[in-house]
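Coming up is one lone chain in structure tokens, specifically the form predicted alone.
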């Protein structure tokens, strides 16, 4: 059961590789990497929360608000640049400030008030979507700021600068989560909250940290969302949420211990993007693509629940 999601996903990729041979060309793979950037970054944030809270999707660590936070920050940045004539520094500060407030809200709801992460972050996600609609009047905002154009088009020795920056960001997250004492404590809390507390580790403090990290990931993803879409598009959080959950827990299926990891989440994001581009290249309707992704989410979540049961 635990390896079923990975096996099915690999079979889908083999099928796409056969039916869409252009999918494996370097130009297409480069496009896939660029398209996967926002998903990869929000997956880094979700991986942090899951590591701190445990991979039980109901009572463990989960943050469904990261995509909505990213879209909200992108909307604020775009609105400030285009409609208010603000400088880039001010626009980024306001957008990232809003994202951090979402992280603080989630931390308060979960850690202080005691709400389950699933319900708390779902509620904050709905709030973020509503605020985004107010900021943008439910309209797309085109952005042609030089920084956004640079992130969209610039290359270094034939490699997208955005891809290189995302790789550097993934390395920073990896070192923080897997190679520092703080990261080890974070994972210890996710592994066994009671045992961590007995060892003198503060689970509440580290869980609050994880929601703030997720908010930072959302803020960073917002800039790349603007670059990928050449502007802010309200409503794009729905597909981003679908891909984030699928990619993060799919990545766990590739882990030897079947747990969420930083690199697994990033790999999952690339594979999900590959799946989306592959289906589009062979003419599969976007609604069917959504249905397939939804079925895969059910499979990976059920697999995670089964793995948790077996470990107990």
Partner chain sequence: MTYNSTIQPRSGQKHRPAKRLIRSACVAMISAAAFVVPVVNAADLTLEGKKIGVAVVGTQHFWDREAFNGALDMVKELGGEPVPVDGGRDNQVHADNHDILLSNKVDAVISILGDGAVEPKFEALKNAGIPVFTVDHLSPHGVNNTTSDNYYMGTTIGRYMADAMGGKGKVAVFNAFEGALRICGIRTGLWKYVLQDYPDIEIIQPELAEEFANAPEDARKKTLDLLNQYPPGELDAIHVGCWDQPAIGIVQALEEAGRTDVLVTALDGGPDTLEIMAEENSPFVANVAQQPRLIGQTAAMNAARHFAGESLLPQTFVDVKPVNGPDGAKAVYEELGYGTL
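Residue numbers count along the first chain shown, from 1. What you see is a predicted model; the values in this text were computed from it and never measured.
Not on display, but discussed next: the form predicted in complex with the partner chain.
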* Given that the partner is absent here, state which listed stretch (71-79, 231-239, 155-163, 92-100) has heavy atoms within 4.5 Å of the partner chain in the predicted bound form. => 231-239
* Asked: With the cut-off set at 4.5 Å between non-hydrogen atoms, does residue 277 touch the partner chain in the predicted bound form?
  -> yes
* Asked: Does the partner chain come within 4.5 Å of any heavy atom of residue 140 in the predicted bound form?
  -> yes
* Proximity of residue 133 to the partner chain in the predicted bound form, heavy atoms at 4.5 Å -> yes
* Asked: Judged by heavy atom distances of 4.5 Å or less, which residues of 159-191 approach the partner chain in the predicted bound form?
  -> none
